[in-house]
Structures are given as structure tokens and as C-alpha cells.
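Given as C-alpha cells, the chain that follows is alone and in the form predicted on its own.
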């Protein structure tokens, strides 16, 4: 049975998002859609505020149904007023069939780029008609953040910065002699202590030569005096991620690392300066890449300038040389150029930037000065 829950007024934010999705889906498909089926968890959360698991969302005009199982019924009722909560007893496809029957929903569009082949077959079978593919719509909508989303990302950034700042304030003793994984664990603990729901991703702490591997996983290696330690970390707050990278130095800095730090910092400034609405995503990457190439390290910049940030750590758009997209006001992206030298180490400096009508606005506040990153 479908039961409407009205414990408090539905949030206008989520209602408006659902109406937008349904309207755009109907327009894009060119068909008279009866409903839109959302299956990707991050998209369900974006459209409902639901923080649980095992949930699909059906949208039909101004109406919506959250399909879940009995573990999450009470949670869904509390978190999603204004939606009808359907507690399925069997497979999800059967739940979709029952809601569609009761609500007389006919043609349904679904996230073909997320559903598995088996899920698609099961749904098409019980609905007795093929699903209309809904590709990319939520990706683009979620790429443009509203003020509530920007505020959540700001909180995630602030909690992450405070956590690393706490370690840096302790000086070398917070790093030297400790295993990479232990420093990573303490940093994640400090983020949780500061209000994070969880780390946004597995924290990277890469000591010395390990810094030349952009996605290194911290291990038992002990941090030594004189190491450059690359730290990539982020907090998840209110369902939104922070993502930052700094390099801290536990002693005297080698001339080679000192030089590439300066190059990376200049490259980041150039990339950020190019983040204006209407400009291509590719042009921002190339602005940063040119600084690195001019310094003679072009082949040591191993990735794109950055990526969108939101409910996922990596979202649309990509600030890549392959991107064909253009920047738009409301996008929140990272700017994280890097230089990686095998057997020496690496430098990556990453900050979060909001694209505004008046240009780029850096949301992160932690110092990028090499002086401030050198531990006492």
C-alpha cells in the first residue's frame, strides 16, 4: 500500500528539483512520459534529501514516490515529507510495478546509464513495455550548485581544513616517525570529530618518493625528517564532499622540490584565473599546463586540472584537455595541478573554486605558502 506521509512540509528545494527533472525529461524525450524512475543513490538523495540505502524514486509531475524496504521506512518518512513512501516486500522491480499500477503510470523513463542489464530487463518485463532511456540529465543539473549546496561544500572544506590545521599546529611530531596510514587515520578521526559524516574518500598520505604516485594509498612507511608529505583529504558533510591537497615538509626542502612547488603554485593560479563562465573547461586546463610546460615539466603533469565536486568527489564537468564543455556560473570545481618525479616525490596543490558571474571564487582558505607548509 502507498501511504502519504505529511509529518512536516516538504522542502521546496527538493520539490522544485523533482519538478525540473520531470519537465526536462519530458521535453528531452519527446514522448508523453508518465513518470521518471531515479535509481542512482546520489540522485535520489539530491531529489529527496533521503540519506538511506536501497531506494528508487518515481516522479510524475508534482508527485513522487520513494520505494525502499522496511529497514528504511521510518527514516524515509522522517526525511522525505511530501513524498509517498512505498515499502516493498519483494524485488525492486515488483515495487515499481505496484506503484505504477496504483498510480496509473504508463511510459517511464529510467537512468539507463546506471541500471544494470538485469535490472533493465526485469523492469521492462513487469511493466510490459521498454523503459525510455534517461541519460545525462541529472549529471548536468547537479553540476550547477545552488546556495544550499555551496554552503554544504563550504562546511565540508572548513572541517577538512581545521583537521589538517590541527596536525600542522603540532609541528613535526605529528608526522615524523609515524606511519603514513596512522597520520591518515588521525586526520580522518579529526574530520569526524569536527562534524564530518565520514571522509569523502580514502585519505592519501604519501611520504617522500611515494608522492610521485597521484593516487597512492598510505601504508606502513614511516615519515622521516626532510620528507615532503603529499596529503589529499576531504570531509563529507550534509552529503557533500570537500577535496583538498597540500604538501607539508618535515625539514629542509631540496632545491628540486622547492622549484616544482613554485611551478605548481603558479600553474594553479593560472588555472583558477581561467575559470570564467563561457570559457571552455579545456582552456582552464591548458592555462595551467602551459605554466608547467614552460618550466620544463610538461610530461610530469599526469592528470587534468580538476573536476566538478558535489555529492560525488568527481562530478561533471571535467577540467580536461578532452572536455568539450563550457564553464557555467554555479559550477564548483577543483583546481589541482601537480608535478610528479619518480624516485623524488611529487607536489600537488588543490583548492575548491566556485564559478560565479563575476569570475572564480576560491572556497578553500588554507594557506598555500611553502613557508606555512614547512613544519617546525
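Residue numbers count along the first chain shown, from 1. Please read all numbers here as calculations on a predicted model, not as lab measurements.
Omitted from view is the form predicted together with a further copy of the same chain, to which the following refers.
Proximity of residue 72 to a further copy of the same chain in the predicted complex: non-hydrogen atoms within 4.5 Å are present. Taking the partner from the other structure, a further copy of the same chain in the predicted complex has no heavy atom within 4.5 Å of any heavy atom of residue 258.
a further copy of the same chain is not drawn, but in the predicted complex it has a heavy atom within 4.5 Å of residue 196.
For residue 212, a non-hydrogen atom is located within 4.5 Å of a further copy of the same chain in the predicted complex, even though that partner is not displayed. The stretch from 248 to 256, 110 to 118, 150 to 158, 263 to 271 that comes within 4.5 Å of a further copy of the same chain in the predicted complex, counting heavy atoms only, is 110 to 118. Put simply, of 144, 93, 185, 137 only one has a heavy atom within 4.5 Å of a further copy of the same chain in the predicted complex, and it is 185.
Annotation: in the predicted complex, residues 285, 297 and 371 none come within 4.5 Å of a further copy of the same chain through any heavy atom. Contacts between 296 to 321 and a further copy of the same chain, taken as any heavy atom within 4.5 Å in the predicted complex, involve 302, 303, 314, 321.
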